[in-house]
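To begin, one chain is listed below as structure tokens, in the form predicted alone.
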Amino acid sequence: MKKSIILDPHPRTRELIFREADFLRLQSLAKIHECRKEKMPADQLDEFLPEASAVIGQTELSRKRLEKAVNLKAIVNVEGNFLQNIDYAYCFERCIYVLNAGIAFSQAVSEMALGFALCLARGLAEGDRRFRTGQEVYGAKSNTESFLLKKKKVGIIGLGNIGRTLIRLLEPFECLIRVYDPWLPDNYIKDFSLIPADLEQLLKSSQIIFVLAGATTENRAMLGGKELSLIGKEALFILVSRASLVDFKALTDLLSRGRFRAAIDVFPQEPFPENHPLRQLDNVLLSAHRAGSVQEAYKLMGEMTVDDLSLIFQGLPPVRLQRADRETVTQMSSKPIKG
């Protein structure tokens, strides 16, 4: 019997994720049961699960449902989070791979983070605003608060997929990079020629701080008022991972007082309130959760998904997507995003 795949990618779409050639490759692997415009209805899902070899999407898969999926080999989340709507324990018992395509965003988010740092360090957005209102300042007087990234002290919070990608982009700048990541041993961090640091040390000493950690049950509001007040006045604070890591009230208060400059791509509420005071601050660069959302990243998701399913269907382990780990997956607390 030919294998079958449930394609249930909502809020993504097939066209967003798969190039035509990759979707043809997917069709060559298995029969596709697809829901095109919305989340797959429960009755259809239950009908297709017994024969399905893989599920692509953020589908709710309880133990009761998974017990029906006697042929299931893999679940691929194409939103970018390990959601808490799957019975992971059952998947580990049954050796069902649970995979996350969020790694496809790493290059896009890292490039954006670097762009934020350059923009803040050189005052690009502020210079543009001044020019458009006829208040531009020329030459040296326009750069009194500007600085180069070269050889600066950088702090990275979270050395996951994005962090490891960003350090490659920072190599030409010859920065001294400290890393805080409680899930990694110091010697692992040193293997990347980086300096392990505790959070306090990193915040105090870094001129550029990148917040790249994923959201877990342990790190909610880990950057509160006490921690954020350690950041130096000349520093740049760049948040591109998850808003839940930061106490936004404390962050807003410090930025309103001009304590440091910041670039923010993720927010505790999206859309962000129109009357929020952060919108009025010249020392803040705001971005509407768009760091990773480029076409190349979405298409890379599809490419990686087909590559790994091809391996799994041959009885080989996946190599491109991120696997759920038994020890940490239930601590992930990211919520679905729209778009």
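Numbering starts at 1 and follows the sequence shown. Just so it is clear, the structure is predicted and the values come from calculations on it, not from any experiment.
Omitted here: the form predicted together with a further copy of the same chain. The next part is about that form.
- Using a 4.5 Å cutoff between non-hydrogen atoms, R122 counts as a contact of a further copy of the same chain in the model of the complex.
- Shown alone here, G225 lies farther than 4.5 Å from a further copy of the same chain in the model of the complex, counting heavy atoms only.
- In the model of the complex, a further copy of the same chain sits within 4.5 Å of a heavy atom belonging to A288.
- Contact between N161 and a further copy of the same chain in the model of the complex is not found at the 4.5 Å heavy atom cutoff.
- Residues of just one listed stretch (43-51, 30-38, 56-64, 280-288) have heavy atoms within 4.5 Å of a further copy of the same chain in the model of the complex: 280-288.
- The candidate spot formed by P11, K204 and A221 lies out of contact with a further copy of the same chain in the model of the complex, as no residue has a heavy atom within 4.5 Å of it.
- Contact with a further copy of the same chain in the model of the complex, defined as a heavy atom within 4.5 Å, holds for exactly one of L83, L114, L199, I195, namely L114.
- Along 101-138, a non-hydrogen atom within 4.5 Å of a further copy of the same chain in the model of the complex is carried by Q107, A108, E111, M112, L114, G115, F116, L118, C119, R122, G123, L124, A125, G127, D128, R129, F131, R132, G134, E136, V137, Y138, in order along the sequence.
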